[in-house]
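What follows is a single chain, given as structure tokens, in the form predicted alone.
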Amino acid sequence: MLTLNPQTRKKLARFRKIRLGYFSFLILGAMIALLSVAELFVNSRALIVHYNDTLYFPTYGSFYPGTTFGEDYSYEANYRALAKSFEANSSDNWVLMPLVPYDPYENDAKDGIMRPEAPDFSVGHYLGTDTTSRDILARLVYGTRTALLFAFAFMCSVYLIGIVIGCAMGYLGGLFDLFFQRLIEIWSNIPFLYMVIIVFSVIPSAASIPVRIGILLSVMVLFSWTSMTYYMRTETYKEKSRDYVAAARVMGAGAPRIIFRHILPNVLSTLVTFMPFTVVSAISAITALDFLGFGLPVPTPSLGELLQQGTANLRTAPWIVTAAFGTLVIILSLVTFIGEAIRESFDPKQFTLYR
């Protein structure tokens, strides 16, 4: 069972008292929980199909061709059309569709002409469609999930590199510290945006979407770990002069044990404080790159790509930019409120008595 020390419990209690940050945390947590099972709410696959006294669960299940349900085609069943067919035939068969019966890649063009359509509740396009007749709400839901997953993966990678190198610099010092300081100074002067453009210009077009996303994540991490390294170096340099570190050395503890078992828990407040702001910077960066066309590969749902469409069609389809911008503002505001509350609750000055 996880036990927290009194100081940590006091900080968490203070965090709960900061209502704006605490309720933002609850809202964001609920949003992440819903996004993790987004297929149950936004999907072109049916949740349940009842056909000839047999139940089918296509959402997370197997591929079912149309012939499975008595249709005359062998590709995947069109569940919206299947629901209408069952209803028209007045049979005992039925289909339960998600709230939004579209996936983020599906073109639902009226009369075969791809164009943005205004919100229409009668057909399930609650926020309208984009320039290629894809449902905006579906792309927002999956684009937000992709952005959050990308941001959390970015944060974990940056923290891993920054903690290891920064703690080693602060603890070992000497030539090791000097070498990495010069290396970081040189590395920080390399222009990030140009490197992204160069890297993406040489990636083969045949590369899969996961590969391209992995490459983008790697490039962003390679140019973002330096700031966390400086914070960890400073905190470790300060902590290594404490008596508990000297006692650990006398007892024969090695450098890795001292760093990760003794120093790191005592600089946890610095790590926790910067987590939300790292997530904000990652979401902002990936959205900006998507807007410029150097982010997530087409046709991956993304907030930046919707913003780009919206600004290009601001007069003819204002609902695109309104939906994308509103979603981005809500997410960044929630994470920022959480970050401010964490920073205030974990501030050591709040619990220190100076004499």
Partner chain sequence: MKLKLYLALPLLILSACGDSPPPEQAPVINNTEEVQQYYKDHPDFFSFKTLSDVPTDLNWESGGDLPEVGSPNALKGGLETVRLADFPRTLRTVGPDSNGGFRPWILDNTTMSLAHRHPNQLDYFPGLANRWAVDQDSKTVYVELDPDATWSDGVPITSDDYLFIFWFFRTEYITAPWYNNWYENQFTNITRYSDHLISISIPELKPDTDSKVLELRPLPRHFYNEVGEDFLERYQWRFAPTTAAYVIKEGDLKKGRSIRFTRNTDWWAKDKKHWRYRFNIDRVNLIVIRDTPKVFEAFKRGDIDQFGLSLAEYWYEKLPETDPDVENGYIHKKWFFNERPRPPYGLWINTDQPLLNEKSVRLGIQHATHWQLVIDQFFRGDYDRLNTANDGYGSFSHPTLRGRPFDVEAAMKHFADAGFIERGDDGILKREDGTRLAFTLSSGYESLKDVLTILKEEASKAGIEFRVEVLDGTAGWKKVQEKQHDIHFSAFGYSLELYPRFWETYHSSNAYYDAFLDDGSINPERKSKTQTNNLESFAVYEMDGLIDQYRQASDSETMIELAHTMSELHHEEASFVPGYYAGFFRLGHWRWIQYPEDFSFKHASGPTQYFVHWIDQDIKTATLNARRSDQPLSKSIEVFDQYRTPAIP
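Remember, it's a predicted structure, so these values are computed and weren't measured experimentally. Numbering follows the first chain given and starts at 1.
Same protein, other form: the form predicted together with the partner chain, not shown, and the subject of what follows.
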Residue-level contact is defined here as any heavy atom of the residue lying within 4.5 Å of the partner chain in the predicted bound form; does residue 299 satisfy this criterion? yes
### Message
Residue-level question: is residue 89 within 4.5 Å of the partner chain in the predicted bound form, judged on heavy atoms?
### Response
no
message: Can you tell me if residue 107 lies within 4.5 angstroms of the partner chain in the predicted bound form, counting non-hydrogen atoms only?
response: yes
Mark residue 74 yes when one of its heavy atoms lies within 4.5 Å of a heavy atom of the partner chain in the predicted bound form, and no otherwise.
yes
**Request:** For the three residues 62, 113 and 134, verify that every one has a non-hydrogen atom within 4.5 Å of the partner chain in the predicted bound form; reply yes or no.
**Result:** yes
Contact with the partner chain in the predicted bound form, heavy atom within 4.5 Å, among 230, 179, 244, 260 goes to 179
In the predicted bound form, the residue from 27, 48, 40, 312 with a non-hydrogen atom within 4.5 Å of the partner chain is 312
Here the chain appears without its partner; judged in the predicted bound form, the stretch of 114-122, 150-158, 274-282, 91-99 with heavy atoms within 4.5 Å of the partner chain is 114-122
Taking the partner chain in the predicted bound form and a 4.5 Å non-hydrogen atom cutoff, the residues of 156-176 making contact are 175
